[in-house]
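Next comes just one chain, in structure tokens: the form predicted on its own.
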């Protein structure tokens, strides 16, 4: 009886099976429904109607605006926070980091409900400021996803590079702008990717705050709730293309920054 030997090819089998069953096959189903009509015939009418409808185009741009503003707010709050946690001289650094991560362990619905009550006390009628409240809710929800990659990247910075810049006569502002900030670009790119894409489609925050249907995620949900798989799959495919383009652009930017570190220093 021959002994069974395992090699690297055999170790790829579980991953390949998972990839086929849960990535490739669902994607093929989405492609099929996106390019067909109710009778199963090939058509581009789904895409034509989307880009010719001012309501759906407005929803797309509203989602992009909400995602961009949320990402900028998260970055403005997360970068100094992560910088202080990573470069500050704190004895209980892990405890401070845990304080920012702990909200992620609390039920999502409970957190947004608590935020809604706070906004109601401050504003009175939260329906008067839909965009502002959406940004606040999204920022509150996704802020830890921006802090963690920035903290990890800043923590791993080579301090000898910062010392070398100081020895060459650079002040603290120059060291930060010319050395620290460029070297932290991979963390920024990672955080932006983790916040921008979900905030464009996470309609649960908006629904819980003021019952909105203005972003792409809620539009997809409305189509599938009405058993219109064709238009729902079409919008999902459009979002997939947007995600792919953003990921491609951010990865290229990160690679360019990494390859030019020597020139920056």
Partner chain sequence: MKKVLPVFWLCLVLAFIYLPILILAVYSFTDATMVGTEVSGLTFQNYINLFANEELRDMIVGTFVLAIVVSCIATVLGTLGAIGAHYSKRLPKTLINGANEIPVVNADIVTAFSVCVLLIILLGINKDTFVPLVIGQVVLCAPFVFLAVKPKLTQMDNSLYEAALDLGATPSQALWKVVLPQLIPGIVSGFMLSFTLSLDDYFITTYTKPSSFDTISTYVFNATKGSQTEIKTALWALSTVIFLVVVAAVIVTNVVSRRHKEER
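Keep in mind it's a predicted model, so treat the numbers as computed, not measured. Positions refer to the first chain, counted from 1.
Although not depicted, the form predicted together with its partner chain is the subject of the following passage.
Q: Among the candidate residues 115, 189, 183, 161, which is the single one with a non-hydrogen atom no more than 4.5 Å from its partner chain in the predicted complex?
A: Filtering the options by heavy-atom distance leaves 115.
Q: Considering its partner chain in the predicted complex, which of 166, 152, 102, 128 comes within 4.5 Å of it through any heavy atom?
A: It is 102.
Q: Whether residue 195 contacts its partner chain in the predicted complex should be assessed with a 4.5 Å heavy atom distance threshold; does it?
A: No.
Q: Is the gap between residue 229 and its partner chain in the predicted complex 4.5 Å or less for some heavy atom pair?
A: Yes, residue 229 lies within 4.5 Å of its partner chain in the predicted complex.
Q: How about residue 176 - does it come within 4.5 Å of its partner chain in the predicted complex, if we only consider non-hydrogen atoms?
A: No, residue 176 stays farther than 4.5 Å from its partner chain in the predicted complex.
Q: Would you please decide whether residue 12 lies within 4.5 angstroms of its partner chain in the predicted complex, comparing each non-hydrogen atom pair?
A: Yes, contact at 4.5 Å.
Q: Quick one: name the residues from 188-210 with any non-hydrogen atom within 4.5 angstroms of its partner chain in the predicted complex.
A: Sequence-ordered list: 197, 201, 202, 203, 204, 207, 208.
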